[in-house]
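There is one chain below, alone, in structure tokens, taken in the form predicted alone.
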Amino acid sequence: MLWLKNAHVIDPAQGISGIMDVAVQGGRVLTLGQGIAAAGLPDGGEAEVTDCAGKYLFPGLVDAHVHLREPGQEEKEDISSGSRAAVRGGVTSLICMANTSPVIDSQALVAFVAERGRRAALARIYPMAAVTKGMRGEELTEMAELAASGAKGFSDDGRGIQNGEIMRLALEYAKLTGCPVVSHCEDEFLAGKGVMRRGPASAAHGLTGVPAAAESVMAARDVLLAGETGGRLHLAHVSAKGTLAALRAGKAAGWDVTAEVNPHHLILTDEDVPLTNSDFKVNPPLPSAEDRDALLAALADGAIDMLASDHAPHTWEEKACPFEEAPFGMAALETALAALWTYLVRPGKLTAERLIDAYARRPAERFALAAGTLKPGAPADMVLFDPDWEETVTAESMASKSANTPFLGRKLRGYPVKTWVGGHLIFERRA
């Protein structure tokens, strides 16, 4: 038995935020409460006791948007290295995207990803299957079969589905599975060859910009289609104020629409982009300050449901080239929680309770995962978090194969110091 004492427990699923003890037995939460007595626990005298005074304990984070690159691009990341990165960042459950090589569009590949996750035996790995075969945007995958094999949703993330009729059909078909369709909202004609958000910063750099409308136009289309079909829609990596208008309208109409935002879109803006560092190149691009502030307000008031890292690792060689030529994406699994705590929670821009609600409970509920809570009987996937632990982000300190993060060289304050999955301690941060 594991007995964690004097922790500040945050569990939005139970409305809990306060000093408590938590007891774990058989890989599941046994009980929690204030001042649990050892005499009241089975085998209480033999419990492994950890004093958590001064630290937070919360459910393992659930990251619904991660690129682990396996199969086919293992030089960037694989399921094992991505799992190690996840638990270092406090993520115990994650959904990996389908834009691998080959694309995850068959039952065999869905099963392959799930099995590779089980063999890694670290974070819980769940597959996201493609909406269309080969992610070509032309023909729907066999969604019912893919869901039966373990897919938790459907997304052509990396490319927006340009054909509105294909998107409508996808929302209709996915209703048979109960899984959401996850939309990468991007009008490729509006986005063109842009490499950062269009505005004064892109003009100053002499770089082709992507207008915010490239996202918002597609978001509006897909929200309207969700309303027409009664389908389940999830908007990935929202980055524009205009997208929020469509999202709020869909929610007000009672349609089944949710959305996520990435930490980098809440912390950084297009004004932070240095011409000489392609680690800041991401799709959708870093927003304007006005958009960033609107995103944070929408996360705080619940219009944006959840947080997700959009962990997108690339090799050093791929990123070590001119900004225009580098691929989009940044590694984020290990830095997301620490960056959010450093730049948003510590300054009082976001509460710790809302952070955990958005990064644990909400994604677990939306994608039907047995995670995101410390309710008695729930899997003991837990994070012990030290709000005062400081580290400088370095390539050498990261478990990911890739270090393409804009936080490289920055000191972040607030890190997981222990991570448990199923009651087993699988990561411990040491000084």
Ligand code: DOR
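A residue's number is simply how far along the shown sequence it sits, counting from 1. The model shown is predicted, which means the values in this text are computed figures rather than measured ones.
Absent from the display: the form predicted together with this ligand. The rest refers to it.
Proximity to this ligand in the model of the complex, taken as a non-hydrogen atom within 4.5 angstroms, holds for one residue of T269, N99, Q107, T342, which is N99.
Screening N283, S81, S216, S278 for any heavy atom within 4.5 Å of this ligand in the model of the complex leaves a single hit, N283.
Contact with this ligand, judged by heavy atoms within 4.5 Å in the model of the complex, is confined among 173 to 181, 126 to 134, 67 to 75, 295 to 303 to 67 to 75. Using a 4.5 angstroms threshold between heavy atoms, W316 stays clear of this ligand in the model of the complex. At a distance threshold of 4.5 angstroms between non-hydrogen atoms, A312 is in contact with this ligand in the model of the complex. This ligand is not drawn, but in the model of the complex it has no heavy atom within 4.5 Å of H234. At least one heavy atom of G329 is located within 4.5 Å of this ligand in the model of the complex.
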